[in-house]
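To begin, one chain is listed below as structure tokens, in the form predicted on its own.
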């Protein structure tokens, strides 16, 4: 075999390995979805779950548990995990910063402040206890719009800092820390002037919890995640060029500033939508892209779709574990992602230094 043939064969095997990993993640997500619907304080037989999912006749109790409780929560975890993961992968590439994510750049805290402001001052939510959660979003469009405005504000500050010549990855992360502190202080300010019921509801709402999502909210999050994911997938080659450096990308005809601004807006949209409905869920957008890079490399043509699936799988598994670990009590998924995400990220840092 000629040298060219050997190179072509090796590259084909390299691509096939990436595709196999992505398909394996997709299959694992489908299996995890079935397990998430079947497992809980009331275990359901897999046959009954399968019948309920395909529309066959099942007992009323099984139908209610599957369609009204567990399936919306599982789909909310899948959609939120996919959206936060793809936003993290995009921001890491756009800013050329391995520590970038909606959580570390302050975008999550900004969106949470905007949502809390909308719920408390604009009347877009009802402060009351229910089977879904302590805050019922009665006007999701107003809440999401307000969260989006503040999320974009934080994103634009980060973009402005990234354009400075002296801006290093450390400087951008410190900017995110400052923004997180600022918007956390704003949320605390709202809590200070709230009454007891509102304070309890606001604190409960800030916990990232997929159980509070209704079918309507899952649909809105799915639309935002799909829209931004299609955009990021279409820009995969552009992000590969930006990874080589701004000057190289400009030499290849990439309008770097425009791509960076639009990309941050897209990341803000999906982050604001998820935070507005579920609360703050950290480390998904930070850890998942790094794990996927170690599996299939940094080529965004394969990294982006694999990150979407891996993010969905990670948050779905974490959400299922959060429901089971202290059963019958349900632990907010954000607590589990923080406990698991922080050590994993530290392990990634140590391993990359080695």
Partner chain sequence: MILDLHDLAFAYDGRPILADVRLGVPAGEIVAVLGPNGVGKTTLLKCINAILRADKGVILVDAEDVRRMAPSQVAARIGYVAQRTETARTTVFDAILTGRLPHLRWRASRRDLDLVGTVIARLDLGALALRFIDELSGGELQKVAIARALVQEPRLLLLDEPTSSLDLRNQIEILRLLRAVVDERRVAAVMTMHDINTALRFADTLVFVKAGRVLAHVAVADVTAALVSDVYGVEVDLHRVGDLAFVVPMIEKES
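If you're wondering where the values come from, they're calculated on a predicted model, not measured in any experiment. Residue numbers count along the first chain shown, from 1.
Below, we turn to the form predicted in complex with the partner chain, even though it does not appear here.
Participant: Among 298, 53, 46, 69, which has at least one heavy atom within 4.5 Å of the partner chain in the predicted complex?
Facilitator: Contact check passes for 298.
Participant: Pick from 152, 211, 179, 254: which has a non-hydrogen atom within 4.5 Å of the partner chain in the predicted complex?
Facilitator: The residue from 152, 211, 179, 254 that makes the contact is 254.
Participant: Would 35, 63 and 329 all count as contacting the partner chain in the predicted complex, using a 4.5 Å heavy atom cut-off?
Facilitator: Checking in the predicted complex: none of 35, 63 and 329 is within 4.5 Å of the partner chain.
Participant: Please identify, from 245-253, 220-228, 259-267, 277-285, the stretch that has a heavy atom within 4.5 Å of the partner chain in the predicted complex.
Facilitator: Selected stretch: 245-253.
Participant: Please check if residue 160 has a heavy atom lying within 4.5 Å of any heavy atom of the partner chain in the predicted complex.
Facilitator: Because no heavy atom of residue 160 falls inside 4.5 Å of the partner chain in the predicted complex, the answer is no.
Participant: So in the predicted complex, does any heavy atom of residue 10 sit within 4.5 Å of the partner chain?
Facilitator: Residue 10 belongs to the contact set for the partner chain.
Participant: With the cut-off set at 4.5 Å between non-hydrogen atoms, does residue 185 touch the partner chain in the predicted complex?
Facilitator: Residue 185: no, not in contact with the partner chain in the predicted complex.
Participant: Within 4.5 Å, heavy atoms only: does residue 234 come near the partner chain in the predicted complex?
Facilitator: Contact check for residue 234: yes, within 4.5 Å of the partner chain in the predicted complex.
Participant: Within 85-101, which residues have a heavy atom closer than or equal to 4.5 Å from the partner chain in the predicted complex?
Facilitator: Contacting residue: only 96.
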